[in-house]
Structures are given as C-alpha cells and as structure tokens.
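Heads up, the chain below is alone and in the form predicted alone; it's given as structure tokens.
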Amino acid sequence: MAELRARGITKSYAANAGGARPAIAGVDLDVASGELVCIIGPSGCGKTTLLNVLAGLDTPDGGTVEVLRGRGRKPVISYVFQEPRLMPWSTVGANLRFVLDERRGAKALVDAWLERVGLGGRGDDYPRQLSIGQRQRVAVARALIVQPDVLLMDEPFSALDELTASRMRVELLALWAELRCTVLFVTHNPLEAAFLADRILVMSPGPGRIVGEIRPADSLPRPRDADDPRLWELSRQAVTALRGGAAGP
C-alpha cells in the first residue's frame, strides 16, 4: 500500500489555433494508503490527464506528485485503461506474463490470477476469442498480478453492458479487499462511484480542478448492496455537485 499525494498539478496542451489549451489547473489530491477514491467530472475536465500525470505517463507543467510507501522497494503503480489494451498477437497468458519480468513461478501465478477473475483455463486463448468483458477482466488481472501499491483505473467498465459491469465492480471490490492497494478510479457514473468509493472527488469543467467531496464511507459500510436506496441518494448528491451545487453529504 502507498499514499498518493499531488500538489498544484497543472497541464496544458497545444491548441490547433496556436497557443495552449489548459487541461487541469491547480489540482491538489490526497489518497490515503489502502483507500478507494473515485473521481467524477464532466467530459473534458481533465480526469484522464490527471491519471496520466499521476502514473508518470505525462509530465505536468507545474506541481508535484508523490507516492509515499515508506522504506523498502520503489512503489508499484498499475493502470487499467478504458480499453483493455491487450497485445492481440499474444495469448491471454502471455499478456499477463509480459508484466512479470520472467519471475519464477510465472505460469502458476498467471493461472491463479485467471482463475480469480473467472477465466480459468483461458490462458492459451487470444484476446480476439474473448468477449469485451472478458478482455477487460484480463486487463484487471494484468494490473493486479504485480501486486501494485497504487491502482489507477480510467473508466474501466464504461464499455460494458450493465450486467457485466455490475459483476466487475463486485469482483474489483473483492480483489481490493484482499490486496488493500490504494485505488483511484475515474468514472462518469455517479451510482458506480457511490457503490465503490470511500470518497468521491468532484472535478470542475476544464481546466479541471477538484471542487467537492462526498464521503460514502461515512454512511454506507461495506459490503454494500447495489440495490440500497442510499446509493441512489448519494449519486444524486454527486449529480448536484456536478451541476455546481454543494458537494457535502
């Protein structure tokens, strides 16, 4: 586990007409060790840009990012994208082994993780032989097989039908409860955020910044029931916050 901390993050990109287009401006962020935090915000507010900066895939124009793990090995950060991004020329098993640096027992470890995400015996299949939901399960297994300290997830279930997405949320929570990694999860779905999160952070329209916080953990203990009407109430608070209303519980 690790603590994630960002201060004053700004990022701009070149505009077609010249100059720069700001994506995020002055983002401050704290995610405690082992916490699951969801980020919601309107399209174009910089949610993906923020994740890319936190993952080290993009360099901020200003501000600092820290992943604090204490003494020992360097923190491990995993990223689950909106699309599975599997290597189509490699088998499912090879896609998982790719991130293991040829460590001992890789095959047994891969087989075990495929079993954990409901894909036991599919290691010799190719991504094209799997459904979209199954491919995303492989992507989740690939991210978790390295036992990350921090897991970043960018709308990983948005392309799935609701039945599959609901199953994936439950599976994610079960794996998170076991591994206790720190999770930052971007979503457009306020109800999904209410079901998953300890805290929900609300971003403003671009250039994005964090303008509100909702705390499901204060009123909804785990495990949560997806049919609990309190989830709907929290999701309405999130919608109100997105519209510019108060974000408090």
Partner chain sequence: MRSPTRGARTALRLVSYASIAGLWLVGGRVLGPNVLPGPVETFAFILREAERGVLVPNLVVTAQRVLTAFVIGMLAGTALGAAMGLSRKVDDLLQAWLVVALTVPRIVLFVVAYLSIGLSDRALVLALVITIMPTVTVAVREGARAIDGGLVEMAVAFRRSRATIWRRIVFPQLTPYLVGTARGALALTWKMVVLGELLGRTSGVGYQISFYFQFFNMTGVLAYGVTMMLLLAVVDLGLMGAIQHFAFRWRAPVKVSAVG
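Here the structure is a predicted model, which is why all the values come from computation and not from measurement. Numbering follows the first chain given and starts at 1.
One more form of this protein, predicted in complex with its partner chain, exists but is not displayed; see below.
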{"property": "Proximity of M87 to its partner chain in the predicted bound form, heavy atoms at 4.5 Å", "result": "yes"}
{"property": "Close approach of A94 to its partner chain in the predicted bound form, 4.5 Å, heavy atom", "result": "yes"}
{"property": "4.5 Å heavy atom contact, A174 to its partner chain in the predicted bound form", "result": "no"}
{"property": "Any non-hydrogen atom of G123 within 4.5 angstroms of its partner chain in the predicted bound form", "result": "no"}
{"property": "Contact segment among 49-57, 193-201, 207-215, 22-30, judged by heavy atoms lying within 4.5 Å of its partner chain in the predicted bound form", "result": "49-57"}
{"property": "Contact assignment for its partner chain in the predicted bound form, among A159, A112, V99, L179, heavy atom within 4.5 Å", "result": "V99"}
{"property": "Joint contact, S166, R169 and F185 to its partner chain in the predicted bound form, by non-hydrogen atom at 4.5 Å", "result": "no"}
